[in-house]
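We begin with a single chain expressed as C-alpha cells, specifically the form predicted alone.
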C-alpha cells in the first residue's frame, strides 16, 4: 500500500475547537450527555461529517454515525472507528473526542486520496460513555450492542432528575434507527491511555490486548449512634470504624496480590456526620478491577467473607448492592497484531497493554472483532483539565489507526 498520512493540523484544530464547546462560566469543560452543551458538540461533529461528505445516521439512543459507503453499497458491514464526545465535569479535551475526530480524519484522508475501499467505513460517537449524568456508563454502546434494552436505556433518570429519552428528543438527537441497525465488520478505538505506563516506560503507542473486568458495589454498614464522650470503646457499634477496616482490607487485598488487581473506595458517607456522635451508618462504594475473571471473582469472594466476619466482630449489620459488573474483555488478536505491525512500519515503539478503564470498545467486542490503540497521557492524568498528549503522539496514533483501518477495509 502507498504510504498515507492524515492531516495532523486539521485533526488538532478540530480537537481544540471541540474542546471549547461546553465551557461553563468558570471556564470548565462540562459536556454531559444529552445536555445543551452536548447538543452543541454534536452539531459541530455533524457539520464536520457533512464537510467530509459522510452520511449522518443517528439511532434511537442518540449514537451518531458518519458513514462512507458509496463505493460499496449499504449492505456491506462497515469498519467502524470512534469513541465518544460527552465529558466528565471539569474535563480535558482529549478523552473520547480524540478517537472520534481521528476516526473522522482517517475516513476523510482516504476519501481525499481517491481510494475506494472494499467495504464501507464509518465513524461513531456513542452516547453517555462517561456515565456522569445517566447510568450506566457506556450506555450508548451497550444498548447498540444489545446488552441493554432500549426502553430501559431511554428511561434512565439523570442526576438532575431528567430522563434520557426526553432529553435526546429535546436536543434533536433521538434518531430513527434502531440500535444495532448496522453490524460492524470490526471496531477500532483510538484513545489516550489515561494512565502513566506508556509515558514512564518510553513507549509511543499501546496495542490494547485486553480490558479489565469491573465490579462496582455499594456497601451499607448500620451500627448505633451514641455519645462520643460517654460510650466506652469496647461498647461501641461504630459503623465508621467498620467501614475503615473494610477499606484497609481492600487495600491489603490489592497490594498483596502478585497480579494487577486494583481496589478503590471512591465515595464515603457517614451518618449523622457529627463530630461528637458515633456513626450509626456508613455507606461507601467499592471499585474492584482485574483483567482475569477468576481472580476478580476471588477478590469479590474474599471481600464478602471479610464483611461477614467484620459484622460479627464490630456488632454491626452490613448489606451490599451490586451497581455494575463487567467481565474482562480479550480483544481480537488479529487486530492487535495489525496495530503492532502498523506501528513498526512507521518506526514507532509499541507495547501490548491492558486497559484499566472501561471503553465503548468493550461493548462492541460483544458483536464484532474489536481492539484499541493507546497514545501516552502526560503524567498519566485524565478526567482533568491538565489532560494532555503531545501533538506528535496524537499524530502517530492517528496514522497507525489509518493503516489499520485501510487494512480492514481493503483499501
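Residue numbers count along the first chain shown, from 1. Because the structure is predicted, anything quoted here is derived from the model rather than measured. Here, rigid core means the biggest group of C-alpha atoms that superpose within 1.5 Å across both forms.
Another form, the form predicted in complex with a further copy of the same chain, is not on view; read the next lines as being about it.
Chemist: Could you tell me which stretch in 108-116, 262-270, 295-303, 142-150 has residues with non-hydrogen atoms within 4.5 Å of a further copy of the same chain in the model of the complex?
Modeler: Partner-contacting stretch among the options: 262-270.
Chemist: For residue 357, is any heavy atom within 4.5 Å of a further copy of the same chain in the model of the complex, or not?
Modeler: Contact check for residue 357: yes, within 4.5 Å of a further copy of the same chain in the model of the complex.
Chemist: Since only the chain is shown here, I'm wondering whether residue 167 would be in contact with a further copy of the same chain in the model of the complex (any heavy atom pair within 4.5 Å).
Modeler: So residue 167 does not count as contacting a further copy of the same chain.
Chemist: If you check in the model of the complex, is residue 235 within 4.5 Å of a further copy of the same chain, heavy atoms only?
Modeler: Output for residue 235 is yes: heavy atoms within 4.5 Å of a further copy of the same chain.
Chemist: Does residue 229 make contact with a further copy of the same chain in the model of the complex, using a 4.5 Å heavy atom cut-off?
Modeler: Residue 229: contacts a further copy of the same chain in the model of the complex.
Chemist: Which of these residues, 244, 341, 163, 76, gets a heavy atom within 4.5 Å of a further copy of the same chain in the model of the complex?
Modeler: Result of the distance check: 244.
Chemist: From the list 156, 194, 204, 210, which entry has a heavy atom within 4.5 Å of a further copy of the same chain in the model of the complex?
Modeler: Here the answer is residue option 194.
Chemist: Heavy atom within 4.5 Å of a further copy of the same chain in the model of the complex: which residues of 275-310 qualify?
Modeler: 275, 276, 277, 278, 279, 285, 287, 289, in sequence order.
Chemist: Rigid core superposed, CA of residue 287 - does it shift 2 Å or more between the shown form and the other one?
Modeler: Yes; that C-alpha moves by at least 2 Å between the shown form and the other one.
Chemist: Is it true that residue 228 shifts between the shown form and the other one by 2 Å or more at the Cα, once the core is aligned?
Modeler: Yes, residue 228 moves 2 Å or more.
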